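Laid out below as structure tokens are two forms of one and the same protein chain, each shown alone and named structure 1 and structure 2.
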Structure 1
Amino acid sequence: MRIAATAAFALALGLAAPAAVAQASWEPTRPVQFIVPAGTGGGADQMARVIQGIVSKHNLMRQPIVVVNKAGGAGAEAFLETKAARGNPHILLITLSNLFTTPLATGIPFRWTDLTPVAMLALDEFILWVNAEAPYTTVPAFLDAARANRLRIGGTGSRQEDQIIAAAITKATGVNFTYIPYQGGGAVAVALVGKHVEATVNNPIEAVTHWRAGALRPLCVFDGRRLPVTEKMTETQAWSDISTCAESGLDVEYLMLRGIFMAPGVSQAQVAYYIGLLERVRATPEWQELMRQGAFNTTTLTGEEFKAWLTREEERHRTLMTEAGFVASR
């Protein structure tokens, strides 16, 4: 079952013509609040803080970026606050696919159309992780163990991306799990290291340090292709060595948004400024390292293409969550 969806550094840091026009017409006049609709340590939080550091290190903006985590209500707090900040160009929101799942699961008065889309920065992968000391080293062995003795899968939030994948595994295999929600991807990874759960479906960036330390073991990636990074991340394995779940007999795929939004009612010049800023962020070696370490799908979109993608993804998530029984009753 499928549930999916350079220029040289020195030149890129220079002001290309469109960015120059945008900056000439508008730029931030006070610190920019960068809201993360999730807890600390997760993929969105890590990406926001990398962007903050890049902007500061390379002096890409005169005003500082301040990262603020607002995980309340599976991100609802962050979405509603950004929606209410109409016309305020000094607020950015970095979001994941809870942009779609949280409104559907909770019924809050919010849709992505209430915000101003800026850019898709990347798509994030999901991997089925187990503790390195677990007896199962393959997906079939893991599923056999789960059939014999119901296992616990840890994930970020309830009725969010992680639980959607857990439900999809059950639908594809008939194997039931006990889903344990945590506030962020960092906490999920720590729970697996501590053996409080038997498996997780964390993003690569959320678990890579524990993998490199020998504490976690990846079983498969929920994508239609293997990850492209061939450099060794551990002594013996690269991201590209991890089989797809379909290769292992588990036909489930899922990719997640990493995107930037602004409040409603901002001007095109203000949106253009941040698009230019993010283009220069993506050209830095620090960003390229994040993409490598986290095995991201580096697809980027802006403008009408991004809006069209968001429209399709919202409908796809509505279908997935309806099938899983995760949509709030009205």
Structure 2
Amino acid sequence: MRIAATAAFALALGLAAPAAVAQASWEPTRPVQFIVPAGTGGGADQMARVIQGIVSKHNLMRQPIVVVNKAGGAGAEAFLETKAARGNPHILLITLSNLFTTPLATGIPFRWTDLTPVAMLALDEFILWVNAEAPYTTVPAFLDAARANRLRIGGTGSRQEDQIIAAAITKATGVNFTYIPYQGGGAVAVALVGKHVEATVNNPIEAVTHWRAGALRPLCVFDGRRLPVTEKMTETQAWSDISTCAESGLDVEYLMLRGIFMAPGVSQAQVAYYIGLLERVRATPEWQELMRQGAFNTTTLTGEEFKAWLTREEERHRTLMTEAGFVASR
């Protein structure tokens, strides 16, 4: 009797321990749908699939994660569906800047406040790239060339982050560019290699291989500080050798959100569970490798800080897009 009681007590302790570590009284009871508001192969999709892979490889969750792409209407469909899934704790949404840009550009009835913010995973950097054979090697030389002859900037999609940066450069310098939209970041980088455009604002991970092959040249990074990765990527340069745009006399800063959201109306415990899960994902070597390869800005935020950041960014996007004339008129 006593032995049985002791055993039961030990068992209870054993069961209680992992729960105490996770600090969450809730756990998913069904497969979790991980919605990507973009097509397969893009940056958000890759990140979602890396997370899916990490969770299954390290067995971080009992239920599987299922990645679902809903690219329709530049993500509008994914946002509206998550908004409609009130109270469903088995839906996660990974967002990029289209969280702000799509509602403004298309006028769909959606704001980020319609969702439950979970965590900012990282921020994606933007770099001004030109073809390695181009005569301009510095930002001022590039801007002079653009003043003399209207240049073309290629980017992903329309009225989204790449075009906003292009508009911000125009606003900061008074130099006009022709913006040409492409379907994806990889295609944009190749268009620059093939000289179909004169510059791009690709994310590091989209252009790194062409940089290393000597086809592209980075001019500056649109961040307040230099990239932290000091390991040499080419013969002579590391990510950290690229100057910031502000240093080069181009006062534009832009970072893209890679954040996780849930449907509205979910409980505190459910949000806490996913925050804990994402913390464990971030601790894995695979995640570290992804961050290093893509030279991500590894700032993470949760809770009120994250909300404050979102409020600021939404306002900033509204200002930038209104000035550029990108906001839907009807």
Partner chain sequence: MDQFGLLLGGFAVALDPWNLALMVIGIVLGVVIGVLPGLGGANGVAILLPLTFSLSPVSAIILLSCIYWGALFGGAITSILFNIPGEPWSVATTFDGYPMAQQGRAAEALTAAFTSSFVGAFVAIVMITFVAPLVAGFALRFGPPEFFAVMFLAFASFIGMGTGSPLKTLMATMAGFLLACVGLDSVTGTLRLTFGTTELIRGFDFLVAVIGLFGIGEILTSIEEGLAFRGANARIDLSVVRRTWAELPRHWALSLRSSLIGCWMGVTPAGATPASFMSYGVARRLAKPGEVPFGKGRIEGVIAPETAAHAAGTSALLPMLALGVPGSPTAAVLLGGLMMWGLQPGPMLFVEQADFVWGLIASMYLGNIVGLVLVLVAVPWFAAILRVPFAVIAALILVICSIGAYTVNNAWFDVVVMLCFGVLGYAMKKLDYPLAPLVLALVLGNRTEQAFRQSMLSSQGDLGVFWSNWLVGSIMTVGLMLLFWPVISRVRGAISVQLARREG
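For the two forms, the rigid core is made up of the largest set of C-alpha atoms that agree within 1.5 Å on superposition. For numbering, take structure 1's sequence and count from 1. What you see is a predicted model; the values in this text were computed from it and never measured.
Student: Which one here is the form predicted in complex with the partner chain?
Tutor: Number 2 is right.
Student: Is the C-alpha displacement of Glu161 equal to or greater than 2 Å between structure 1 and structure 2 once the rigid core has been superposed?
Tutor: Not so; Glu161 is displaced by less than 2 Å.
Student: Once the core is superposed between structure 1 and structure 2, does Ser240 show a C-alpha displacement of at least 2 Å?
Tutor: It does shift by 2 Å or more.
Student: Treating the chain as two rigid parts, note the angle in degrees by which the smaller turns against the larger between structure 1 and structure 2.
Tutor: When the larger parts are aligned, the smaller part is off by a rotation of 16 degrees.
Student: Could you state, for a rigid core superposition, the Cα shift of Glu198 between structure 1 and structure 2 in Å?
Tutor: So the C-alpha of Glu198 has moved 5.3 Å between structure 1 and structure 2.
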